[in-house]
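Okay, here we've got a single chain as structure tokens, the form predicted on its own, with questions on binding and movement later.
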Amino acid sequence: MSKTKLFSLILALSLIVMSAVGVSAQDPVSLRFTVWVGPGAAMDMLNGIAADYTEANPNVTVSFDTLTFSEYTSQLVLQLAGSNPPDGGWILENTAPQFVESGVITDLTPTLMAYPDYNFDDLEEAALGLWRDGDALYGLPFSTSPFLIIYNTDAFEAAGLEDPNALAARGEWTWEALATAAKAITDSTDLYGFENADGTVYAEGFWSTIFPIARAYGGGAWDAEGTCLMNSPETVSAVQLYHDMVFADGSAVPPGEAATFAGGQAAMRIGQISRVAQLDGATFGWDIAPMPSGPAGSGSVIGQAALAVFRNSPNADVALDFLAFMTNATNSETMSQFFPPARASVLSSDTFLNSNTRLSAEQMQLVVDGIASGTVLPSSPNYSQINLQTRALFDELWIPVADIQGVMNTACETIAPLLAN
């Protein structure tokens, strides 16, 4: 069987194993939700919300099952087809159309509309688009978090460089300025100048790093009509910029090198506010700046994730109730220190600006601004197949002498049938 059909097949199989078990209000229930955060402050927060739910519903316990981010979707799909599927979990924006169209996730609308004091109208309609099918809502975005540049202020000072936020205030914080700063830091310190998003650009996370650059250059992955943009001059220029940072300047962490920003080996990285928890105990000063701009303007990109309940959950009714509890106004405010929500009232509040103990209100305003100007990462009903077929092709980019235009031409030719479906 073709690997490109594995995702669709497993999703179909997961419907076959749906359970018809009912749960009464008195039956003991153990809910399991899949996530991609591990031990730390964010997980402590999630466990706190779960404990609050159990206090109000003593027969219910909730656990969070951490799956590896780089393999999250494939691991989740295999669990859904197994004998012990999770009740709910997080879903990334790039696979939203697949999950919505597959029929394996449950419509949340009846539960959320009926939930006491949920205030459904407070949800930003623009943030719900990926998760809607007609009047049905299949995922509730709990995180609409823009990408930012997290940078080592000590390294910038040591290299005699101007602060990125000062450059941004003058409209001079561009990808070229970032590349120049990264090289200057590499040349004058023992640090790499730049780490890609979560260190995954050479594997699963290609677009998390390349898409913001491509957007700033006027390119992208594909458009709404299914036209591939990977081989456009704009996207090729964006890939060339990053390639030059790796191989010409030696300023970006190269393939196979385990150097990280949090570990103090790189001076800048692409990240979201949830990543600053990794900097507790850091021995260097740090700050955040907006994503750089480019010839086409803003490079702001939003990483979105939603909560969903799976149809093959034996505890679907209870799982739906917990999802509503977890995303109500109070808990959305609690979660906002790590995951900017889709609730207008939270995003516009002073509480949100002061919600993160690691970031100032001024820094959190960058998050609000990034949401306002950002666009979500690429998504498609065939994203898993697209990702599978391009991943090996993209490996050909990460050599010193790479035919970037040729690789991107081949990528567009390869995925054209998938974009047309």
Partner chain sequence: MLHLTNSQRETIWGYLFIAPQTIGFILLIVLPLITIFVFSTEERNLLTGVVVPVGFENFRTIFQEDILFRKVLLNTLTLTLGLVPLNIGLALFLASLLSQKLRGITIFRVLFFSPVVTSAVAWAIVWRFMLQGEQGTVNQVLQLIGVEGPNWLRRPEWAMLSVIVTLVIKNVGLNTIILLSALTNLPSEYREAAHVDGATRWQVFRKITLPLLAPTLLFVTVITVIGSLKVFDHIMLMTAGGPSNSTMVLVYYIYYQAFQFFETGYASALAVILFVIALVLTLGQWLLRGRAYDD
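Throughout, rigid core stands for the largest set of C-alpha atoms superposing within 1.5 Å between the two forms. Please read these numbers as outputs of a predicted model, since none were measured by experiment. Positions refer to the first chain, counted from 1.
Missing here is the form predicted together with its partner chain; even so, the following discussion is about that form.
Taken together, the three residues Gln98, Pro255 and Leu388 all lie with some non-hydrogen atom within 4.5 angstroms of its partner chain in the predicted bound form. The shortest heavy atom separation between Tyr202 and its partner chain in the predicted bound form is within 4.5 Å. Its partner chain is not drawn, but in the predicted bound form it has a heavy atom within 4.5 Å of Thr73.
In the predicted bound form, its partner chain sits within 4.5 Å of a heavy atom of Tyr192. In the predicted bound form, its partner chain sits beyond 4.5 Å of every heavy atom of Ser293. With the partner omitted from this view, the residue of Ala184, Val77, Leu320, Ile150 that lies near its partner chain in the predicted bound form is Val77 [heavy atom within 4.5 Å].
Interface residue among Asp369, Asp395, Asp65, Asp52 relative to its partner chain in the predicted bound form, by the heavy atom within 4.5 Å criterion: Asp395.
With its partner chain left out of view, the stretch that reaches within 4.5 Å of it through heavy atoms in the predicted bound form is, among 78-86, 115-123, 336-344, 175-183, 78-86. After superposing the rigid core, the C-alpha of Ala277 moves by less than 2 Å between this form and the one not shown. Comparing the forms between this form and the one not shown on their rigid core, the Cα displacement of Leu80 reaches 2 Å or more. Taking the rigid core as fixed, one finds a CA shift for Ser143 smaller than 2 Å between this form and the one not shown.
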